[in-house]
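Heads up, the chain below is alone and in the form predicted alone; it's given as C-alpha coordinates.
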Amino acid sequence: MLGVIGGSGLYSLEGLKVVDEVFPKTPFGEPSSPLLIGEVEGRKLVFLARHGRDHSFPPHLVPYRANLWAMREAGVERVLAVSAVGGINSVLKPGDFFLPTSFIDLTKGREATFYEGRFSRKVEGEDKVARLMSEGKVVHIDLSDPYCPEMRSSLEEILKEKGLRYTHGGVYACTDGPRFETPAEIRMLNKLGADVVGMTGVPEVVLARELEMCYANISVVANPAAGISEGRLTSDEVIEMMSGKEKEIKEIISKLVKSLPEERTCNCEKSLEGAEV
(Lines give C-alpha, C1' and ligand atoms only; values in the text may rest on other atoms or scores of the structure.)
Protein backbone atom coordinates (compact mmCIF):
# COMPACT_ATOMS: atom_id res chain seq x y z
CA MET A 1 0.00 0.00 0.00
CA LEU A 2 1.15 3.54 -0.79
CA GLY A 3 1.39 6.24 1.85
CA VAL A 4 1.63 9.92 0.91
CA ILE A 5 3.20 12.53 3.19
CA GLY A 6 2.02 15.98 2.17
CA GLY A 7 4.31 18.93 2.75
CA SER A 8 3.70 22.68 2.89
CA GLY A 9 0.47 23.55 1.10
CA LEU A 10 -0.68 19.93 0.73
CA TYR A 11 -2.89 19.16 3.72
CA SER A 12 -5.46 16.92 2.04
CA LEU A 13 -5.72 14.77 -1.07
CA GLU A 14 -8.49 15.48 -3.53
CA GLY A 15 -9.87 12.32 -5.10
CA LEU A 16 -9.14 10.22 -2.01
CA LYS A 17 -12.30 8.36 -1.03
CA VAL A 18 -11.79 8.35 2.71
CA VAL A 19 -13.11 5.24 4.42
CA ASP A 20 -11.44 5.77 7.79
CA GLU A 21 -9.70 8.46 9.80
CA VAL A 22 -7.26 7.06 12.35
CA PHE A 23 -5.75 8.90 15.31
CA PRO A 24 -2.94 6.48 16.21
CA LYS A 25 -0.70 6.50 19.24
CA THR A 26 2.75 5.08 18.65
CA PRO A 27 5.73 4.22 20.88
CA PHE A 28 7.13 7.54 19.63
CA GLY A 29 4.12 9.71 20.38
CA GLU A 30 1.33 10.90 18.13
CA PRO A 31 1.88 11.64 14.42
CA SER A 32 1.53 15.19 13.17
CA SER A 33 -1.95 14.54 11.79
CA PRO A 34 -4.57 11.79 11.66
CA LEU A 35 -4.09 9.15 8.98
CA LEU A 36 -6.67 9.39 6.22
CA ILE A 37 -7.18 5.89 4.87
CA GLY A 38 -9.03 5.52 1.62
CA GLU A 39 -8.93 4.59 -2.03
CA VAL A 40 -7.60 6.21 -5.19
CA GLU A 41 -8.18 4.52 -8.53
CA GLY A 42 -9.47 1.47 -6.69
CA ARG A 43 -6.29 1.00 -4.64
CA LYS A 44 -5.77 1.68 -0.93
CA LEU A 45 -3.82 4.77 0.07
CA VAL A 46 -2.90 6.46 3.34
CA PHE A 47 -2.42 10.24 3.57
CA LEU A 48 -0.68 12.20 6.33
CA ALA A 49 -0.05 15.95 6.56
CA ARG A 50 3.60 16.34 7.63
CA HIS A 51 3.15 19.73 9.30
CA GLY A 52 -0.34 19.00 10.64
CA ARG A 53 -3.66 19.99 9.12
CA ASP A 54 -3.19 23.56 10.31
CA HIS A 55 0.58 23.67 9.66
CA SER A 56 1.38 23.80 13.36
CA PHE A 57 4.58 21.71 13.29
CA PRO A 58 7.77 23.52 12.21
CA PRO A 59 10.27 21.34 10.34
CA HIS A 60 12.58 20.74 13.28
CA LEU A 61 9.68 19.58 15.50
CA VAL A 62 7.82 17.30 13.08
CA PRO A 63 7.37 13.91 14.82
CA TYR A 64 9.11 12.01 12.04
CA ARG A 65 9.40 8.72 13.92
CA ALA A 66 5.74 8.74 14.95
CA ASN A 67 4.68 9.57 11.39
CA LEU A 68 6.59 6.70 9.80
CA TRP A 69 5.70 4.24 12.55
CA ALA A 70 2.00 5.09 12.23
CA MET A 71 2.19 4.44 8.48
CA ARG A 72 3.94 1.14 9.10
CA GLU A 73 1.21 0.09 11.50
CA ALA A 74 -1.40 1.01 8.87
CA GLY A 75 0.22 -1.41 6.41
CA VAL A 76 2.10 1.09 4.24
CA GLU A 77 5.01 -0.41 2.27
CA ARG A 78 5.75 2.53 -0.03
CA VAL A 79 5.99 6.20 0.94
CA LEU A 80 5.82 9.17 -1.42
CA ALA A 81 6.95 12.40 0.23
CA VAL A 82 5.98 15.76 -1.28
CA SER A 83 8.15 18.76 -0.41
CA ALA A 84 8.83 22.38 -1.31
CA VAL A 85 12.50 23.25 -1.85
CA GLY A 86 14.75 26.11 -2.80
CA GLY A 87 16.71 25.78 -6.01
CA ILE A 88 20.51 25.88 -5.90
CA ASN A 89 21.40 24.36 -9.27
CA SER A 90 20.94 27.08 -11.91
CA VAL A 91 19.22 24.56 -14.21
CA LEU A 92 16.26 24.43 -11.83
CA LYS A 93 13.52 27.04 -12.18
CA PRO A 94 10.57 27.84 -9.89
CA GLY A 95 7.80 25.36 -10.57
CA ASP A 96 10.13 22.55 -11.67
CA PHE A 97 9.78 19.10 -10.15
CA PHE A 98 12.87 17.44 -8.68
CA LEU A 99 13.47 13.76 -7.91
CA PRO A 100 16.51 13.42 -5.63
CA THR A 101 18.80 10.42 -5.67
CA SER A 102 20.97 11.37 -2.67
CA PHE A 103 21.00 13.80 0.24
CA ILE A 104 23.20 15.84 2.55
CA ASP A 105 22.08 16.00 6.17
CA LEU A 106 22.85 19.28 7.96
CA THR A 107 20.21 18.92 10.66
CA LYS A 108 21.08 18.96 14.34
CA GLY A 109 19.50 17.01 17.19
CA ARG A 110 16.68 15.33 15.29
CA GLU A 111 15.77 11.81 16.37
CA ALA A 112 16.96 10.02 13.27
CA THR A 113 16.76 6.30 14.10
CA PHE A 114 14.45 3.69 15.58
CA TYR A 115 17.39 1.56 16.67
CA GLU A 116 18.99 2.95 19.81
CA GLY A 117 20.71 -0.18 21.07
CA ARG A 118 19.99 -0.91 24.72
CA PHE A 119 17.84 2.25 24.84
CA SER A 120 15.49 1.13 22.03
CA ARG A 121 11.76 1.06 22.67
CA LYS A 122 10.38 -2.40 23.36
CA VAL A 123 7.63 -2.89 20.82
CA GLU A 124 5.17 -5.67 20.06
CA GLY A 125 5.47 -7.82 16.98
CA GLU A 126 7.43 -10.70 15.53
CA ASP A 127 8.87 -9.12 12.40
CA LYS A 128 12.50 -8.12 11.97
CA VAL A 129 11.97 -4.48 12.99
CA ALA A 130 10.28 -5.43 16.28
CA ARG A 131 12.93 -8.08 17.03
CA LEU A 132 15.85 -5.71 16.48
CA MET A 133 14.29 -3.08 18.71
CA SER A 134 13.18 -5.47 21.44
CA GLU A 135 16.60 -7.14 21.53
CA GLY A 136 18.34 -3.75 21.75
CA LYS A 137 20.37 -4.28 18.60
CA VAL A 138 22.57 -1.60 17.05
CA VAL A 139 21.74 -1.20 13.36
CA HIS A 140 23.70 0.47 10.54
CA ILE A 141 21.67 0.65 7.32
CA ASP A 142 23.19 1.22 3.88
CA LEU A 143 22.09 4.44 2.15
CA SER A 144 24.04 4.14 -1.08
CA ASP A 145 20.69 4.40 -2.88
CA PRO A 146 18.32 6.01 -0.33
CA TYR A 147 15.40 6.69 -2.68
CA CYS A 148 13.49 3.74 -4.14
CA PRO A 149 14.54 3.25 -7.79
CA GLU A 150 11.25 1.58 -8.69
CA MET A 151 9.21 4.53 -7.43
CA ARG A 152 11.56 7.09 -8.99
CA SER A 153 11.30 5.37 -12.36
CA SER A 154 7.50 5.44 -12.20
CA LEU A 155 7.49 9.10 -11.18
CA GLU A 156 9.81 10.04 -14.04
CA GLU A 157 7.59 8.28 -16.57
CA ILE A 158 4.54 10.16 -15.23
CA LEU A 159 6.31 13.55 -15.35
CA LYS A 160 7.52 12.83 -18.87
CA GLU A 161 4.08 11.71 -20.02
CA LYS A 162 2.46 14.85 -18.62
CA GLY A 163 5.08 17.10 -20.23
CA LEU A 164 6.11 18.68 -16.92
CA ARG A 165 9.52 20.25 -16.33
CA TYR A 166 11.56 18.05 -14.03
CA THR A 167 15.04 16.90 -13.10
CA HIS A 168 15.64 13.28 -12.14
CA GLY A 169 18.80 12.78 -10.14
CA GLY A 170 20.64 15.09 -7.81
CA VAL A 171 21.25 16.01 -4.21
CA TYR A 172 18.74 17.27 -1.63
CA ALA A 173 20.41 19.19 1.21
CA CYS A 174 18.40 19.24 4.43
CA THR A 175 18.81 22.06 6.95
CA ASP A 176 17.10 22.48 10.30
CA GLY A 177 15.01 25.57 9.70
CA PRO A 178 12.62 27.01 10.45
CA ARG A 179 14.61 30.02 9.21
CA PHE A 180 15.71 30.18 5.60
CA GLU A 181 19.40 29.68 4.86
CA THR A 182 21.93 32.51 4.46
CA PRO A 183 23.59 33.22 1.10
CA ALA A 184 26.88 31.99 2.61
CA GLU A 185 25.26 28.66 3.54
CA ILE A 186 23.85 28.30 0.04
CA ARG A 187 27.29 28.95 -1.48
CA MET A 188 28.67 26.23 0.80
CA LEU A 189 25.93 23.80 -0.23
CA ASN A 190 26.58 24.58 -3.87
CA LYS A 191 30.24 23.68 -3.42
CA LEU A 192 29.21 20.46 -1.66
CA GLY A 193 27.18 19.45 -4.69
CA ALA A 194 23.64 20.15 -3.49
CA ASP A 195 21.01 20.89 -6.14
CA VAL A 196 18.14 21.89 -3.84
CA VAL A 197 17.69 22.74 -0.18
CA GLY A 198 14.78 21.83 2.08
CA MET A 199 14.00 21.35 5.76
CA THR A 200 12.07 18.05 6.01
CA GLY A 201 13.68 15.40 3.80
CA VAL A 202 15.82 14.04 6.64
CA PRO A 203 15.32 11.98 8.76
CA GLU A 204 12.17 10.91 6.88
CA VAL A 205 14.07 9.04 4.19
CA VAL A 206 16.33 7.35 6.77
CA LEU A 207 13.48 6.24 9.00
CA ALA A 208 11.54 4.79 6.07
CA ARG A 209 14.55 2.75 5.02
CA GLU A 210 15.03 1.53 8.61
CA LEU A 211 11.48 0.13 8.42
CA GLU A 212 12.26 -1.48 5.04
CA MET A 213 9.78 0.80 3.31
CA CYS A 214 10.22 2.10 -0.21
CA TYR A 215 10.58 5.89 -0.11
CA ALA A 216 10.67 8.48 -2.87
CA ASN A 217 10.61 12.25 -2.71
CA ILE A 218 9.07 14.56 -5.27
CA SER A 219 10.01 18.17 -4.62
CA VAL A 220 8.70 21.36 -6.14
CA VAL A 221 11.21 24.17 -6.58
CA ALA A 222 9.35 27.01 -4.89
CA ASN A 223 11.99 29.68 -5.40
CA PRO A 224 15.71 30.19 -5.95
CA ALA A 225 17.64 29.81 -2.69
CA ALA A 226 19.07 32.74 -0.69
CA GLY A 227 21.68 34.73 -2.57
CA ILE A 228 20.42 33.31 -5.86
CA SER A 229 17.00 34.87 -5.54
CA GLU A 230 16.89 38.53 -6.51
CA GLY A 231 14.71 39.45 -3.54
CA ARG A 232 14.06 38.37 0.02
CA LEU A 233 12.58 34.93 0.67
CA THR A 234 9.07 34.62 2.09
CA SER A 235 6.82 31.80 3.22
CA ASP A 236 4.05 33.36 1.14
CA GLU A 237 5.78 32.56 -2.15
CA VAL A 238 6.38 28.96 -1.04
CA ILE A 239 2.70 28.38 -0.18
CA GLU A 240 1.60 30.22 -3.33
CA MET A 241 3.79 28.02 -5.53
CA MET A 242 2.63 24.81 -3.84
CA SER A 243 -1.00 25.89 -4.17
CA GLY A 244 -0.43 26.51 -7.86
CA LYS A 245 1.07 23.03 -8.31
CA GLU A 246 -1.54 21.25 -6.20
CA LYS A 247 -3.60 20.00 -9.15
CA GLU A 248 -0.52 18.59 -10.89
CA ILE A 249 0.74 16.95 -7.69
CA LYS A 250 -2.59 15.22 -7.12
CA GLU A 251 -2.69 14.00 -10.74
CA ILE A 252 0.84 12.62 -10.33
CA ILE A 253 -0.16 10.76 -7.16
CA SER A 254 -3.25 9.35 -8.85
CA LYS A 255 -1.18 8.03 -11.76
CA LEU A 256 1.49 6.68 -9.43
CA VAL A 257 -1.08 4.62 -7.53
CA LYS A 258 -2.12 2.97 -10.79
CA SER A 259 1.38 2.48 -12.21
CA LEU A 260 3.11 0.82 -9.25
CA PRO A 261 3.04 -2.98 -9.36
CA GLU A 262 1.31 -4.76 -6.50
CA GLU A 263 4.52 -6.58 -5.56
CA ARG A 264 7.75 -4.70 -4.91
CA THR A 265 10.66 -5.62 -7.19
CA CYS A 266 13.28 -3.32 -5.61
CA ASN A 267 15.64 -4.15 -2.75
CA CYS A 268 14.17 -1.70 -0.22
CA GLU A 269 12.52 -4.51 1.74
CA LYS A 270 15.98 -6.02 2.31
CA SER A 271 17.43 -2.92 3.95
CA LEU A 272 18.00 -4.64 7.29
CA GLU A 273 19.90 -7.59 5.86
CA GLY A 274 23.44 -7.51 7.27
CA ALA A 275 22.74 -4.24 9.12
CA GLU A 276 22.63 -5.41 12.73
CA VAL A 277 25.70 -5.66 14.92
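One-based numbering along the sequence shown. Nothing here was measured: the structure is a model prediction, and the numbers come from that model.
In what follows, reference is made to the form predicted in complex with a small molecule, a form of this protein that is not presented.
Contact between residue 225 and the small molecule in the predicted bound form is found at the 4.5 Å heavy atom cutoff. Among heavy atoms of residue 166, none comes within 4.5 Å of the small molecule in the predicted bound form.
Interface membership of residue 37, defined by any non-hydrogen atom within 4.5 Å of the small molecule in the predicted bound form, is ruled out.
Interface residue remark: residue 66 is not counted as part of the site for the small molecule in the predicted bound form, having no heavy atom within 4.5 Å. Residues of just one listed stretch (95 to 103, 193 to 201, 130 to 138, 68 to 76) have heavy atoms within 4.5 Å of the small molecule in the predicted bound form: 193 to 201. At a distance of at most 4.5 angstroms from the small molecule in the predicted bound form, all three residues 85, 181 and 238 contribute at least one non-hydrogen atom.
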